[in-house]
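Single chain ahead, by itself, as structure tokens, in the form predicted on its own.
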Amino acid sequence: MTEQLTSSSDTDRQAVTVLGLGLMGQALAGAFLAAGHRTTVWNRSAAKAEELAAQGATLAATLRDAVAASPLVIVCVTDYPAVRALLDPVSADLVGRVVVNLTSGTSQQARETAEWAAQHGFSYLDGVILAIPSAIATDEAVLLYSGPRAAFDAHEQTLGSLGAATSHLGADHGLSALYDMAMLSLMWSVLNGFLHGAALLGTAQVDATTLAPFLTQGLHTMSGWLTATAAQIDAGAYPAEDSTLDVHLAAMAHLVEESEAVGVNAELPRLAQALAGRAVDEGRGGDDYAALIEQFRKPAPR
């Protein structure tokens, strides 16, 4: 094990196996091939490997052959139960190798899988891909990993073939999944806000294409708020720097009223209103909007 984790510069270290050839798995394998890595692939349906094989990948006849071909094994399948079902029959063959799981799931699933890997004697990194398949191997691809630092360091150069922004978050295997969930929370909040806004303007015959540039400019401005908000959260103090939560709550009432008046679904602004209202009831009315973090830190009332 120690010898395998010392360097990624030798010829054997360039070998990598990719298990699971959905759209993302194919993109991962293609990136390794393009970077010159000796790449072995395996999928339950061998037909998905044909194009990669034409590009130079080795199609393993069996899962055991695929695992045996490389010191680095990348897994990208539907979910964590599928990961366990896939790897359990070949767990003995994984000893002395590093398994990198790029399957989406929760932090609890990541930690449980790490415990399972430890019980079977092989190194395990949990990872997340913050990119679509077409962005793999570009500067837009962000890939985050958590787990043993030694395992990451040994294969950092190879993993870097998947994207310029490749980072190790820490030893806690659940960190990558938590970062993924944080990004999803932001993504759906932004998209839902845009869809709600487009519905509002649609009632005045303004199309979404006309609205998009205006809101994009607003997003650019708001992105600058995150750093200041983060500083307040970490300090546990929320002095109002531009407007108080009371002012925000009043504006939320206007948005709810407008939505209902024009016949647009008001559930999204009502949620924001309910959260802000609870914070105000707890004495946060004079604080900055960042004070809402205290509402998100506890379960919703039943």
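Here the structure is a predicted model, which is why all the values come from computation and not from measurement. For every residue, the number given is its place in the sequence shown, counted from 1.
We do not show the form predicted together with a small molecule, though everything after this point is about it.
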| query | Any idea which of 84-92, 202-210, 150-158, 187-195 reaches within 4.5 Å of the small molecule in the predicted complex, heavy atoms considered? | reply | 84-92
| note | The listed residue (Lys48, Arg270, His37, His248) that reaches within 4.5 Å of the small molecule in the predicted complex by any heavy atom is Lys48
| field | The unique member of Leu162, Leu72, Ala117, Val77 whose heavy atoms fall within 4.5 Å of the small molecule in the predicted complex | value | Val77
| task | Indicate whether the small molecule has at least one heavy atom within 4.5 Å of a heavy atom of Thr103 in the predicted complex. | result | yes
| field | Non-hydrogen atom contact Met24 with the small molecule in the predicted complex at 4.5 angstroms | value | yes
| request: Although the small molecule is absent from this view, report whether Ile129 comes within 4.5 Å of it in the predicted complex, heavy atoms only. | output: yes
| task | Would you please decide whether Arg64 lies within 4.5 angstroms of the small molecule in the predicted complex, comparing each non-hydrogen atom pair? | result | no
